[in-house]
Every structure is written in C-alpha cells, then in structure tokens.
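Only one chain comes next, encoded as structure tokens, the form predicted on its own.
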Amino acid sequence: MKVDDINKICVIGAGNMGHQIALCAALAGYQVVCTDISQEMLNKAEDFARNYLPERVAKGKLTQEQADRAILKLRFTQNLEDAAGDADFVIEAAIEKIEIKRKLFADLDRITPPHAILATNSSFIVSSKVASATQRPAKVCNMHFFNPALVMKLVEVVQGPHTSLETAQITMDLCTKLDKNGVWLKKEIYGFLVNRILAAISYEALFLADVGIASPEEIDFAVTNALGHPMGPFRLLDFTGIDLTYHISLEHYQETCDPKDKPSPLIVEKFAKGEWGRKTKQGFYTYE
C-alpha cells in the first residue's frame, strides 16, 4: 500500500479536533466521513464546516470551487460501520480514555478493510496501548494533530514497536497530502515531543498557582512578557480544554500510581465545576 491508494478517510469523533481534521482531509480532496455517537456533536460539526468555508472564501483564502468541492466530499454519520466500512485510513479523535479507545480499535479492526491503517490522534496515549486490541498492530500508529487542526501545521507521527515502517511512511506521506508538516518519532514515549515540553511548563505553572505563589493571570502575564510565548499556560489550558487535561492526568496517574501525576487541585476544581475553558465560556478566564 502507498499513500496514493488512500481515497477515503474516516474520522472518529466530531469534537473540536475531529471535525477540523475531517475538514482538513476534505479540503485536501479526500472523501471523508466523520462519525460520533452524539448527533448533537455531528450537527455542530456540520454547521461549523458550512460556516467556515464561506468565511474562508470571503477572506480570499479559498476559491468558491474549493469550498464547494470540500463540502461535497465531507459527510457526517452516527453509524460507525457506514463511516469506516470502506475506509482506507482511520483517524481516531475520541475522548482520552484508554478503555474507550481500545473498544473503538477492536470494532474498527472488525469493520474496516484489512489494508486500512488505524491511527490515533491521542495527545498522550501511545498506540501500543490500543494496537493490542486489533489483529493488525503493524497498521496502528499515532498521528497527533495540534489544536486548531485547520491552522496548526505540525503533526507528530509516532512509530511504536508494533508499527511497520510502511505504516509510518504512509502516515508521514499523508501529512504532506494534507498540507501538514510531519515529524517522525522512531520510538514511543508518553506525551511525544511537544506535549512533554508543554506538560513541564503547565505542571510548574499549576504548582505555582496551587501553592499561592501567584495567580493564573500573573503567571500568564510573566510567561508571555518574559519568555515571549504567544499565550500563557493557563490561557492555553482554557484553549485546549480543562476537561481534556483532567482526563489525561487521571489516566496517567492510574497507570503510574505516582502522586505527582495526579491532576492539579486547580484542574480538579475547574473540572468539577464544569468550567472547562473556551468550550464552556468559563475556565481560568471568562469568554463571551
């Protein structure tokens, strides 16, 4: 199999990452089906696509022909078998819970054609955790996009010990087809490249706020003004989703049983209140 053999892409999950990855693939000319268990999420995803494309045309970023072609190539459904039954490449962008991902990959292994590559967009979970739920571990890898996927160019492709060289190469080639810049990790490591660095910054920022050294706003102000970051760690947590951070931290703690891996008290508090950042209009900051 080569990248040119990929015609249909299935994206699992219509959330913030999933629907943007799906639209990226449709804009690149692929037939794309985005699936989710929630019809409400699918409706929001379809509304986003139908609003986003005309906006890009109005700004001169796309031609009307490109927008029309992309919307015709993009479909949304709750039916997993319909979405993945004839897919050549699957990108899973579901919630960061290992048991859900393993169930999904077992189902995908049963539903998809034998040649299909199964990739996970997980931010932290290495693909070996889900590959063993399939009969095709050589065709399983990480393909990690960054938020917002329509804007961010970098994609981390992680080749686990089970992943074949062919699978990793095709996934890298697909990045290029999607107008992304792939970086190829030859070994698995928790958090990959970028998120390991971001996690170290976030961990220290949360510690400083948890013990009362400074407020989240003061820490963000210091980081943006002294280090030149485009946004501070707390603004970034709001942007990526405090619920996502909570689930990732809890998943990691349950695996390591190391107290330092527990979710920060501030993250637990925000999660319990439903203040998950931009998606709920309230996090460390308030959004209109």
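Residue numbers run from 1 along the displayed sequence. Please read all numbers here as calculations on a predicted model, not as lab measurements.
Form predicted together with a small molecule: not shown, discussed below.
Quiz item: Just one of Arg56, His247, Lys44, Lys262 has a heavy atom within 4.5 angstroms of the small molecule in the predicted complex, so which one?
Solution: Contact with the small molecule in the predicted complex is made by Arg56 alone.
Practice problem: Sort through Ala67, Ala49, Leu236, Ala26 and report the residue having a heavy atom within 4.5 Å of the small molecule in the predicted complex. | Solution: In short, Leu236.
Self-check item: Options 71-79, 104-112, 141-149, 211-219; stretch whose heavy atom lies within 4.5 Å of the small molecule in the predicted complex
Solution: Of the options, only 141-149 has residues within 4.5 Å of the partner.
Quiz item: Does the trio Lys61, Ser123 and Thr240 actually contact the small molecule in the predicted complex, every residue with a heavy atom within 4.5 Å?
Solution: Per the other structure, all of Lys61, Ser123 and Thr240 touch the small molecule.
Practice problem: With heavy atoms only and a cut-off of 4.5 Å, decide whether Leu198 touches the small molecule in the predicted complex. | Solution: Because a heavy atom of Leu198 falls inside 4.5 Å of the small molecule in the predicted complex, the answer is yes.
Quiz item: Does at least one non-hydrogen atom of Leu227 fall within 4.5 angstroms of the small molecule in the predicted complex?
Solution: It does not: once the small molecule is placed as it appears in the predicted complex, Leu227 has no heavy atom within 4.5 Å of it.
Quiz item: Taking 4.5 angstroms as the cut-off for heavy atoms, does Cys257 touch the small molecule in the predicted complex?
Solution: So Cys257 does not count as contacting the small molecule.
Quiz item: Using 4.5 Å between non-hydrogen atoms, is Met231 touching the small molecule in the predicted complex?
Solution: Answer yes; at least one heavy atom of Met231 falls within 4.5 Å of the small molecule in the predicted complex.
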